[in-house]
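Just one chain is shown here, as structure tokens, and it is the form predicted alone.
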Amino acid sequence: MAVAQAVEPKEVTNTQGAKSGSQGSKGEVERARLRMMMLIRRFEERTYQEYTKPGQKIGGFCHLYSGQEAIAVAIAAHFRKGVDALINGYRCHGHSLALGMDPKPAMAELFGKATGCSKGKGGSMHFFDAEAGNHGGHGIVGGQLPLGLGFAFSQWYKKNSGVTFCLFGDGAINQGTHNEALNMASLLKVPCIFMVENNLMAMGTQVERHSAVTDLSQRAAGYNMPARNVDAMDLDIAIAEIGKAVERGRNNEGPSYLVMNTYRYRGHSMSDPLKYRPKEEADKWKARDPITLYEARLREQKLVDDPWLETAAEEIAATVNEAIAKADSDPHPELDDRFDDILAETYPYGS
């Protein structure tokens, strides 16, 4: 399997409000990225605890992102609020936090509270923040691909230099929507970045058991767009490779297809005991944990040290604990509100 090599990413204005690669932001941006990966991991692991403790207060399906944090943070490094769009499957907590969602409405949504990002009506699979360009998690496998195509078509039509990040798992590549969306995106040359978050499992089915080719970049063959594998456990590589696709989209050169090879540490959902993954496989991938890799790199560059890491971990823990406490005390939606918000009649980027 080909693995993309790290290159220096071009300067972009990202969701941290700074420019990567600029002299003034050296260290600040890198620390913010590490901190965000740490926040996502902490948020997800505390979600696991809240879901599994007696008197369960998080209901419904719940899909955790632990292990895949570098993908979300790499997208955020290039994301331009106001013009870019992101649409996702049901494993959507990490992307939402990386694009700037406060942990409080995120956790409140898991608790089904009215203060949640989807007013307590969506739960784990449906985190939305349309004003930020985050058009949500979607529970139907592959159902988001045509929607991502639509967002990209809107950007192409308006010529606003926006790009759409359309994310889906390796199981979704077997859906008809995958082929239809890729073909039309290439025909129209829309700025859509199709991103397969390949964690090697379609629920509990290994890639080699559901795909005739295990190099998933080949699944984009025939659609006249660049397709490549990316080592998505390495944040710098992920940023660089996503940057190439973003540049192509902003320059009206059409869509790209990125297979983000990663590994999820938890089961497919909370009901999955994860018995199908051998310990040796898990140990091999966890040896390249994205947070550990990036932390070591920043240590080598003398951008972080033990005091900084300890303080960051304490602050993140406090932030997530506060979000849980608030979600626990917030009110549930009123029964009379159950039919509200079914139709959105306005679009945040104008007509």
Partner chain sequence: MPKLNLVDAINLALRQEMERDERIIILGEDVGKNGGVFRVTDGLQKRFGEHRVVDSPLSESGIIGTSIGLAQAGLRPIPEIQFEGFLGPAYDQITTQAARVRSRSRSALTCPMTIRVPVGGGIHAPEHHSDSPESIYAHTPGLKVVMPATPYDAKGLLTSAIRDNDPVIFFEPKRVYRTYKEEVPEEEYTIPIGKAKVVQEGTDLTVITWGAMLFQCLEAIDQLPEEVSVELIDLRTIYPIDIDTIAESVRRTGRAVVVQEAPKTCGLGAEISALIMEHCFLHLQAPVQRVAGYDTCMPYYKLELDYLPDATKIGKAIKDCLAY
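Quick caveat: nothing in here was measured; it's all calculated off a predicted structure. Positions refer to the first chain, counted from 1.
The same protein has a further form, the form predicted together with the partner chain, not shown here; the description that follows concerns it.
Contact annotation: of the candidates Ala221, Ile140, Leu274, Met203, the single residue with a non-hydrogen atom within 4.5 angstroms of the partner chain in the predicted complex is Ile140. Here is the short version: of Ser217, Ser269, Thr177, Ser211, the single residue with a heavy atom within 4.5 Å of the partner chain in the predicted complex is Thr177. Proximity of Trp156 to the partner chain in the predicted complex falls within the 4.5 Å heavy atom cutoff. Although the partner is absent here, Ile242 is not a contact residue: none of its heavy atoms lies within 4.5 angstroms of the partner chain in the predicted complex. For the chain shown alone, Phe168 is not a contact residue for the partner chain in the predicted complex, no non-hydrogen atom being within 4.5 angstroms. The partner chain in the predicted complex comes within 4.5 Å of no heavy atom belonging to Lys189.
Stretch-level contact analysis of 122-130, 230-238, 277-285, 255-263 against the partner chain in the predicted complex, using heavy atoms and a 4.5 Å limit, identifies 122-130. Contacts with the partner chain in the predicted complex, taken as any heavy atom within 4.5 Å, map within 130-151 to Ala130, His135, His138, Ile140, Gly143, Pro146, Leu147, Leu149, Gly150, Phe151.
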